[in-house]
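Only one chain is included here, represented as structure tokens and corresponding to the form predicted on its own.
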């Protein structure tokens, strides 16, 4: 594995408050000592992977959650000390941290800058405070603007905002306000995800009572989003992601282009040497065992690889280079305006992205 370029994902499973729609593995509450102990645990895991992958270089590091910013300066110092000591990190590595607008101040921003963080993803979801209340977010849009200003002044201008489509009571008009507000702030990257009601979440239990926009309205929102971002010179490069040229998320591109990466923390996934594996969604287990067991451990077959190349590659706006079988199946979708074939590549149109799961299910073996 000499000279391999890997990504590193570090899961921070803590939140001040669990959002009503969220199915990611995270736990409410916690104190500084808990965050320190978890950071120390991650540092030990970093030492292990550094020893096992001593001939590899990491060119992207991503702190996801949960709310990574909750571990504070002390927690980040512990983790970055281990990274500096045990890993070979590319000088131009992209180092991203997810934050909640309510958990960042100038002191933390400056500390992250000094540690080498060069990309921030802020969980906004909406610029409309009434929609944020429905989502049980702990912040307002004013909190987001303050956090954005602090990060841009003290840390980086490579900033992403996460937003959602299909929020209760959301309309194309309210989405327009969110998009216009972000464009006015000159954000170089926006991630826009459709709300999915997941089992086990509060939203799932009250789904019949939620004033959700219907499927046609959500489709209208997605088409409006794609059109608006293109007009603002923030083109789409993935089904849910839009970026100014040069600001695409390099770490996430590893996932979609089947690059290799190592994940640390409960629920974290890894892909290396043709093997996909993940840790259980269990913080106690992860903290108590020196070598936590894998929840999933799968060696990919040739068919698995081909199917992944189709499923993941077609998430990207640039699409894939199809073989004869694939192109033959795709002809009807090209004729229907759901896909395009240009310069030897097959890719979805905006209309096609809206039904991409259905189409991909027919394209894979």
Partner chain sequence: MDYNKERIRNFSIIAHIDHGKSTLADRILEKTQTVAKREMEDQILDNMELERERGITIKARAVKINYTAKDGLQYVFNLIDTPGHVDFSYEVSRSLNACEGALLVVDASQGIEAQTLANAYLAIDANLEIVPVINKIDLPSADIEGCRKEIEDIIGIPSEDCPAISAKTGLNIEDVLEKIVSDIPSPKGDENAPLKALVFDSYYDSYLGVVVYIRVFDGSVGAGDRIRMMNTGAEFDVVEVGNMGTFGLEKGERLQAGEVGYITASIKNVSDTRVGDTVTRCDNPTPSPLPGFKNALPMVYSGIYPADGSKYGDLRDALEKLRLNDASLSFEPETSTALGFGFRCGFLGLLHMDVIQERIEREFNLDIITTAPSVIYKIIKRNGEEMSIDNPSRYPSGDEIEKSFEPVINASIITPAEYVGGIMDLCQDRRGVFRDMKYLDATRTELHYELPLNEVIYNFFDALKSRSRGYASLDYEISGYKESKLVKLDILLNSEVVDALSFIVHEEKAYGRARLICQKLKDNIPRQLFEIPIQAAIGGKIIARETVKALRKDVLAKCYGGDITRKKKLLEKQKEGKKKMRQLGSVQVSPEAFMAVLKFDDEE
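Positions refer to the first chain, counted from 1. Since the structure is predicted, the reported quantities are computational estimates derived from the model, not experimental observations.
The next section is about a form of this same protein that is not shown, the form predicted together with the partner chain.
Of the candidate stretches 105-113, 189-197, 176-184, 141-149, only 189-197 contains residues with a heavy atom within 4.5 Å of the partner chain in the predicted complex. Distance criterion of 4.5 Å from any heavy atom to the partner chain in the predicted complex singles out 239 from the list 239, 132, 87, 79. The candidate site formed by 3, 38 and 279 is entirely out of contact with the partner chain in the predicted complex, as no residue has a non-hydrogen atom within 4.5 angstroms of it. Under a 4.5 angstroms non-hydrogen atom cutoff, the partner chain in the predicted complex lacks residue 349 among its neighbouring residues. The partner chain in the predicted complex is approached by residue 304, whose closest heavy atom lies within 4.5 angstroms of it. Contact between residue 296 and the partner chain in the predicted complex is found at the 4.5 Å heavy atom cutoff.
Shown alone here, residue 333 lies within 4.5 Å of the partner chain in the predicted complex, counting heavy atoms only. Annotation for 135-169: the only interface residue with the partner chain in the predicted complex is 162 [heavy atom within 4.5 Å].
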